[in-house]
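Following this are structure 1 and structure 2, which are two forms of one protein chain, each written alone as structure tokens.
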Structure 1
Amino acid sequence: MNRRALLILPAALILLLLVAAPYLNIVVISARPTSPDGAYGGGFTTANYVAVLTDAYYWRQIGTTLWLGLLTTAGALLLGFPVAWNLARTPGRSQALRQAIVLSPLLVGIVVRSYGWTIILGNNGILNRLARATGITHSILPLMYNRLGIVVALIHVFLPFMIMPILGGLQNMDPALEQAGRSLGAAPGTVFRRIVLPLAMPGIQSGCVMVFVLSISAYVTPVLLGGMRVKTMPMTVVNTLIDSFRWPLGAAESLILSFLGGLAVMVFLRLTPMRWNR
């Protein structure tokens, strides 16, 4: 082993001992029986998986979680693409400011951001007060404690993860490509549809995958904005682990969610192939 390899040794140890081993351990524990006098017992069982997979209650929750993830991803894409496009077209200094705004949510804790949304969307929040003051409505607009509030806040929380990869892709694009399209007779709209959009696809793809994965495993935002009235899988997993102390079941729950999330990502990638890009 040469001396340069020593540079990677600490990182390799950390990743091996603190990522690979614990993940393997989750798989093992998910197949352990529950034990009354410890976190889990000896031997192996499929009971935890069966318990989750045969219970309609879980399926509803998995459905809710994946659906919220999908809505969040779609919303983030809808809002993120115009911003990335705008950023890519903005020159130097003013781009730096706009980019700082885009990244600013990342520098503020997730609890704070979710809290900000409760102030805006709450029953006595800014929007509801505004609606009543202006006479748009006299009842309370249900903006929070439901899926709408969760999705709005989740979009906000993860929007930078959509914008940055798309921006990266657009910035890497040779500006001559658009001109080439125009010189060949394509109007600006056609250039956008036939050239810009397909070339932005790799960025869109990774942005979508990141936002989807992050939003189906989000915990704080759904709890604060959903007020426990909307149940998602991460909440259930935390309940099972912390409150009920049933580790094997919690492990199975989280693995099933991750597996289904991974499956959704695979389907998405299969549906958006890019043969040219490698």
Structure 2
Amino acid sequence: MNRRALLILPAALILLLLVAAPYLNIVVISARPTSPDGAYGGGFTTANYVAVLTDAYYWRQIGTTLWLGLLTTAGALLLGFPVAWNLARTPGRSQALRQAIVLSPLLVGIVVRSYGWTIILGNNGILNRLARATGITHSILPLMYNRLGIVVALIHVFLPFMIMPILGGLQNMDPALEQAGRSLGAAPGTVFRRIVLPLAMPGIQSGCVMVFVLSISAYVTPVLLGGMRVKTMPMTVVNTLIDSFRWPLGAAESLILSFLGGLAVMVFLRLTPMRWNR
């Protein structure tokens, strides 16, 4: 065995034991029949997949989950790109301080951050009180227990995962390319569209993939901000596993969501280079 193989071996073993093996176990469980005497029975069946794929209730939840992930990713991109651009153009210690500010929310648990948004968006929260005090409205603004509240909280929670990859891409870009474009008479918008965005696209792709995957698998934030009125697939998976104790069905639900999420990511990665290389 050569040295390269020896260097890769520890990481390969970790991935095998902590990623591949659990996924394989989930696949096996998803093909087991439900048993009243235990987590699952003997033998194999496709009934769990058929039950999910033929039920419109599950498809509505899958659609809601993917749509929330798409909105969260788009919102995080719109907010995160300007921040990453500013960080990339900030010199020295000031950049390090601003990066620390961007990453500081990650030091607080996701439950605490989600509860913070319930205080802001709640029916008697800060924004509703402010709106009534200033005379903007005399009724309660529906800022929570709907998709709006979930998307706002998810964007806040996962925004650092969008900013940092884009920042890495912008930092690798030679500033002389922008200067060359402007010196040749290109407008600032043209320079941004034809030079900056294509070069930043790897970072944009990485950030979008991370935020989308984290968003469609989020559980705590949709529960707290949606108030069980907006049902997502992760919530259904948890209910199936814990409340109903139907492990095979829950495993099938999670794998179908993973497959559809991965398919959406593959489509995004195939389409974005085609769009920006024109």
Partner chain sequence: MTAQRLNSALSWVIYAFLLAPILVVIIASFNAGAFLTFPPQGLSFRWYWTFLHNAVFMRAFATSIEIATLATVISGVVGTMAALFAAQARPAIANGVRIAMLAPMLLPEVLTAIGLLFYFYALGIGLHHGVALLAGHVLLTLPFIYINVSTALKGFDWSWQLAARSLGAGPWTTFFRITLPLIKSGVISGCLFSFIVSFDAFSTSFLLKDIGTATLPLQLFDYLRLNFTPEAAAVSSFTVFATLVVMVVTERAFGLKIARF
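Whichever C-alpha set is largest while still superposing within 1.5 Å between the two forms counts as the rigid core. Keep in mind it's a predicted model, so treat the numbers as computed, not measured. For residue numbers, the reference is structure 1: its sequence is counted from 1.
- The second of the two structures is the form predicted alone.
- When two forms of a protein are overlaid on their rigid core, residues whose CA moves 2 Å or more are considered shifted, and L184 is one of them between structures 1 and 2.
- The rigid-core alignment places the CA of L263 less than 2 Å apart between structures 1 and 2.
- With the core superposed, I14 shows a C-alpha displacement of at least 2 Å between structures 1 and 2.
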